[in-house]
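Just one chain follows, in the form predicted alone, and it is written as C-alpha cells.
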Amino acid sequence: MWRRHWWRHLRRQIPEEVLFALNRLQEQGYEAYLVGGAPRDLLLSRSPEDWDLATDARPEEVKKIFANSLPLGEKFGTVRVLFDRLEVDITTYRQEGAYTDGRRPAWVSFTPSLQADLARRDFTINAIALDPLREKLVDPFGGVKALKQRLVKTVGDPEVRFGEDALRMLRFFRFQATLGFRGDRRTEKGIKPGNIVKISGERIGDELTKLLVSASPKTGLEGMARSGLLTALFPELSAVREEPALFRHTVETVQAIKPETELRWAAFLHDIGKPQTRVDKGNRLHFYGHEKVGTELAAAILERLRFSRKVADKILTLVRWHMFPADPWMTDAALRRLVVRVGKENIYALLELRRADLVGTPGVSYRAFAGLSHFAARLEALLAGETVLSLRDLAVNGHELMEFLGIPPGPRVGAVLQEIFHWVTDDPARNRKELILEYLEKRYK
C-alpha cells in the first residue's frame, strides 16, 4: 500500500532535525516513531506545527543521547531536544492509570509497547505512528481509514476517553473545525457537557481559540451547541442559543470574519447582549444598548478564560463599539471624533466586524454593503492625511495651557484641552499654537 516513492516524498516533508533525532535513537538500538499530530497532518498533506516522537528509550537514556536536551516532565517521560530551528519532544512509551479528577492520570508507567502507548490517545486520527526511516506505519485503531472517511472518533469507548480528560470533548469539535471533518455520532453521544467544569479556563480558552480561528468555526460551534457543550461552557449564551435566528447570525458572522483571534472572538460575542435588551415594537424588534450589556457579559467570559489584558481589551472594544455609525455622509469632524472615540488602532477591525455582521445577516441589500464601502473609502482618505487624532497631537500641551491661562493643575485643564481638541477637529488647519492661543484669549480672557 505504502510504496517506496511515497516514503521518499514523505521524508522530504520532514525537517532534517526530526529525521536526525529518529536516526540517533534507532542507532542506539531503540524504537522511534513520529506520533501525535505530525503523522495525521503528513497523511493529509498538511504541514505539521509540532514534532513529537515516541520511543521505548527511558528519559534518562534520551538525555544521554542528546546533549542539547532538557526535561519537560520526566514523570510523564517527556524530554525536549533543542535544535537551532525547532524543538522536538521525545516521550517514552507509557501507560496511564484512571483519570480520577477528569484532568490527569492517577499514575503513569513506562511500557515497551508502542500499541499500548497509542491506545491511551484521544482520537484514532491521532493514534497513528510513522517511522519514515524504516518505512513503517503503525495504525492499530483505524486512524488511516478515519482520515480517508474524514471522520473524528475516539480510540475506544467515547465516555471513557472523555472521562479521562474532559477537554477532549472540546477537541472533538475543534478537530472537525480545523480539518473540515465530521464527527462520529457514537462519539458525540459520549459527551457529558457538565464535566467541562473540571477544566481550567486557560485550557478552554486556548482550545476554543483554535476552533474559532479555524477554516470552519461554524462546524465546531454548531456541534458544540447541538451537544450542549456550548451552553455548559457559557451559560451567558443560553438565551442566544434559544433564538435560532440569533444563534445562526452569530455563527455566520464568526465564519465570515477574518481568522484572527480578536476578530473571531468579537464576532462570537458581539450580540451576546441582545436577548436581555429585546424590545418588541409592532412588527419590529429593537435591542437598545445591547452592545453595552454585551460588553459586560463578554468581560466576565474573557476573565473566566484568563485572557491577557491586552487581548481582552481589544475584544471588548470591538464588542462595545460594533454598532458605531457608519454613515458615508458623516462630516469630516464627526468622522475624526469617531476615530478618536474608538481608537485609530481599532477602527479597521470595527469595519471588518461590521462587514462580517452584514454578511451574517440574511436579506441585507447591496446598498448596505455599498454604503459601508463608501464609508471605508472616506475613512481611508481622511486618515491618510490626518494628524490630529488625540490630545497628544495638539499644538499645545497641558503645561502651556496652565501657563497661558494662569490656572493650576486639575480637572479644568483636561476639560479645556478637550474643548480645544473638538475645536481643532472641526478644522485641522487650526492646529497651530498661535491660533489655539488666540482662541483661548477670546474664550477665557
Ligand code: ATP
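If you're wondering where the values come from, they're calculated on a predicted model, not measured in any experiment. Heads up: residue numbers just count along the shown sequence, starting at 1.
This protein has a second form, the form predicted together with the named molecule, left out of what is shown; the following refers to that one.
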item: Answer range among 138-146, 168-176, 233-241, 181-189 for contact with the named molecule, defined in the model of the complex as heavy atoms within 4.5 Å; value: 168-176
item: Residue (of 60, 419, 50, 27) lying close to the named molecule in the model of the complex, criterion heavy atoms within 4.5 Å; value: 50
item: Contact residue in the model of the complex, chosen from 214, 126, 253, 295 - any heavy atom within 4.5 Å of the named molecule; value: 126
item: Partner proximity in the model of the complex: residue 122 to the named molecule, non-hydrogen atom cutoff 4.5 Å; value: yes
item: Distance check, residue 31 to the named molecule in the model of the complex, heavy atom within 4.5 Å; value: no
item: 4.5 Å heavy atom contact, residue 337 to the named molecule in the model of the complex; value: no
item: 4.5 Å heavy atom contact, residue 41 to the named molecule in the model of the complex; value: yes
